[in-house]
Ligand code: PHE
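In structure tokens, the next block holds one chain alone, the form predicted on its own.
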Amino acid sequence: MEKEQVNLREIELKILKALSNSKAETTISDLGKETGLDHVAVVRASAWLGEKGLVELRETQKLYVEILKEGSRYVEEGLPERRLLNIILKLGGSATLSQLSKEASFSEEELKIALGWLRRKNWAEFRKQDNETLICVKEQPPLGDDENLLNLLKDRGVVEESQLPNEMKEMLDLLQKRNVINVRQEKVRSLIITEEGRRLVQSGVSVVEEVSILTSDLIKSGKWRSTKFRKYDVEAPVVTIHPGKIHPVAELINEIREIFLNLGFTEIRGPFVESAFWNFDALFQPQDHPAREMHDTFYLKFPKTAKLPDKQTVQRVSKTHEDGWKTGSTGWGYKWDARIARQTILRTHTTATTIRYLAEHPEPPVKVFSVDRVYRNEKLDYKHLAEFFQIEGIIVDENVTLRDLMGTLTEFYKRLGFEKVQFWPSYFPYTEPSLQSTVYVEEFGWIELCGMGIFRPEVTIPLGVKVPVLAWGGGFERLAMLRLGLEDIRDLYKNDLGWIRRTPILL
């Protein structure tokens, strides 16, 4: 026991003495008031005392009910149904809907609410008379449990749910749905002294002032010899601190950017609102392709059209669509329509930005990438979003091959922590040959992450590019879910503060 006494701090002794005066549990907040210590100090000292077995820490969940602004207004003016009932009684106990619309200073929405609750509470009788609805009220009903609860909250501010009568508890869900009260859950931490702690206090323990800093005055005066210095336990629990940090999604995007920049790439950005020309036509996608339909693409009402690039580029692209032009292709065999190419959309892939850049920089060498938002008309579920990020890039140079692209992406994935990378033959409409990149994840096996290949001549030649163009593009979110251990894509963007705090900074 003496050993414990020596190791106790001044704050701990104060809390023990305060707890010894009560046989019941004492909350952290009440301890703070009794000892004059701030909340953080009480929490820390209580944790230390708990570790030493001198107090028992208990945690309970309590519900608190508080009135909202709309509820306070209802207390002052009365619930809409009560106010409407009073108007009907003033009109003689019955009134038509047209009369109430004139007499009651209600908005159309509030009148509907009041009528609905009159019917639900059975305060009025609704009849049909001369093709109109007649509302009849016989008498003034007594205050309901919902009204009594609002009056109670108005007087007391916040009330613990357990202190409410059962009939008022039944009103909580109803009033919450009416947005007049709020029921919040709080953790209440309390302490009770153990027998060992009580024996320590009864043994005559006293509170001695402690000093945490050895000052020059203490040394000069020699008082340090008789001063009790505070002991520090570096393993003692402390209050969790949540410093500001970058969102995990933004942190991973920054990591991806840094990898590509270190590999010698330049980042490019482009507009979210794009023309169908750059999003589809320049990529040799036919104008009747299903991907252009409304169920896949968001079309804009304003501005409805966009400007096309220079006439020479437009003519080359249009001829390539119609008969293949000088690309060696036979084209799609239809009459290309400039009106379709002018349509404005929310870009469906960042390839629209890449192809714009390629048209402006046709001469090699070019190494660019982008990590940016794209939009698709998707049904939202655990693996689909209507707005998401895409990782994309191109390498333009003489004599580059598919092996160069495979090596680049292998290095990229390894720097992200994926050691096993494979490439499978695949099909994509504007690359030939095409591959699908996959990485191996222990829990799931091989996961597809990215489509890749060499741009077809129908894409590059109309833009004046005469050397191979290695291209790749894939979704960012699947990669983020693997890195962050998520199974629902929506968790990335729902801004769950608890998840953001728990997720470690990516390294």
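Keep in mind that what you see is a predicted model, and the values were worked out from it rather than measured. Numbers for residues come from their place in the sequence shown, where the first is 1.
Omitted here: the form predicted together with this ligand. The next part is about that form.
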The chain here is shown without this ligand. Which stretch in 269-277, 72-80, 430-438, 99-107 comes within 4.5 angstroms of it in the model of the complex, by heavy atom distance?
430-438
Gly451 near this ligand in the model of the complex, any heavy atom under 4.5 Å?
yes
Given that the partner is absent here, does Val459 sit within 4.5 Å of this ligand in the model of the complex, heavy atoms only?
no
Would Arg356 count as touching this ligand in the model of the complex under a 4.5 Å heavy atom rule?
no
Just checking whether Lys154 would be counted as a contact of this ligand in the model of the complex - the rule being heavy atoms within 4.5 angstroms.
no
Of Arg376, Arg199, Arg189, His361, which residue is found within 4.5 angstroms of this ligand in the model of the complex when only non-hydrogen atoms are counted?
Arg376
Going by heavy atoms, what in 117-131 lies within 4.5 angstroms of this ligand in the model of the complex?
none
